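Form predicted alone, single chain, as structure tokens, below.
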């Protein structure tokens, strides 16, 4: 017997990744009665950086300073790309709402609006992105000015070496020093999440900042791994920076990352406060009925199941990792509604022989083709359902990994789908 009663709603969002979270946010802001269901999502397996468009054209590997100019070129050259269905005005409105929500929830992000920013990666390369956690913002300025800088890591923290970062960047930034510190009251191998939970305690952060301060020796900036707490990041980070007296910035770690956890837990804690009825760690067990103006969807976790009756659905289940798509020996299929998947006609056309082919592999662009309202369509361009929408990486004709466009794709398509859904719901 289920402990949940069957429920009704105007909109059911399926998926708990960035597209699902953004869709739930935009729907709640518009007063749409929204239910969200999804498993863990991929947010913790991301760096916490929010890309818009970092590389275009992809085969040339051209890194973009201005993502908006890059999108204008992309729309001219790739008319089937999802970005061609999202105007700049809507994209900018979507980002304002999303970043505003994160700021209100205590995890502010910083962007330069008209240009991409740069951050240091855990292997010492430089990554271009659009919006960064406030804890990483000072890295953008440091990469321009290249001041004397102290890079810090912690004994036992795997996958992060301040010495390696300094060595990789040293040719272009000679005044980098690396130091390794012990974390008081922590022993053995450290995982980023474990250390991040430990540094929720402000006193622990202040002790580490005092230790770093004694090692500054003329450094005018400090970088350290992104582990300064999960929920109390802002006050703890600001306290550390005040003790140091110089700009401080976090550097992403290997995955899963603490900034990714911050992002996920911020959405999970604050979306219900906006009225979203969320069943995280639940999955869709069945699509039981599909009518003109209503879907009946089975939802469950283990033996605990119930049904949702909804007027509309936004499908934000991701690709293969999120199990929105599944590939067998002959074809790629969509796993819940059995929607048509735009894909190469032959299995041997999915991949190039060269693993690192500059243009990527055709399978990376497979997914759901949609109309201008982000409703999935069949091979003839006819919509499959009037009130079924799709958002995020499940969409066809994009390669978000190589384009460095994952968050922009998620946020922009979610915004467009919610707007279209609102119009249909009246």
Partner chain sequence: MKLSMKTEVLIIGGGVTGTGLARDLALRGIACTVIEKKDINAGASGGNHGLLHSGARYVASDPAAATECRAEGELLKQLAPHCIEDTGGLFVAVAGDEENYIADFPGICARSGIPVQMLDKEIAREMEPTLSNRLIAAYQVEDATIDPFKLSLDNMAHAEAHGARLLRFTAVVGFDLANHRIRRVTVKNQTTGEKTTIEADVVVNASGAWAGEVAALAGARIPMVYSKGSLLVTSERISRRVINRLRPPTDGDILVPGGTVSILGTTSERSASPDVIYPKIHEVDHIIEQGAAMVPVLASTRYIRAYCGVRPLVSCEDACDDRSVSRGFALIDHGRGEADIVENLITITGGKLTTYRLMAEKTADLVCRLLGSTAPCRTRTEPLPNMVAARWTEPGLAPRTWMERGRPDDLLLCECEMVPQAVVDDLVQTLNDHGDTPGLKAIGLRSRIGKGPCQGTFCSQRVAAYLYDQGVWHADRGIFELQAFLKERWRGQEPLLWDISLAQAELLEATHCGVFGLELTPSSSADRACGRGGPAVEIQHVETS
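Numbering follows the first chain given and starts at 1. As the structure is a prediction and not an experimental result, all values here were calculated from the model.
From this point on, the text means the form predicted in complex with the partner chain, which you will not see here.
When the partner chain is considered in the predicted bound form, only one residue from 142, 179, 284, 339 comes within 4.5 Å through any heavy atom, namely 179.
The partner is absent here, but in the predicted bound form a heavy atom of 123, alone among 110, 103, 93, 123, sits within 4.5 Å of the partner chain. Site residues 28, 231 and 288 are none of them in contact with the partner chain in the predicted bound form, judged by any heavy atom within 4.5 Å.
Only one segment in the set 304-312, 77-85, 182-190, 269-277 has residues whose heavy atoms sit within 4.5 Å of the partner chain in the predicted bound form; it is 182-190. The partner chain in the predicted bound form comes within 4.5 Å of no heavy atom belonging to residue 241. Within this chain, residue 161 lines the site of the partner chain in the predicted bound form, having a heavy atom no more than 4.5 Å away. Contact check for residue 356: a heavy atom falls within 4.5 Å of the partner chain in the predicted bound form. The partner chain is not shown here, but in the predicted bound form it comes within 4.5 Å of a heavy atom of residue 328. Applying a 4.5 Å heavy atom cutoff to the partner chain in the predicted bound form picks out 363, 364 from 363-399, in order along the sequence.
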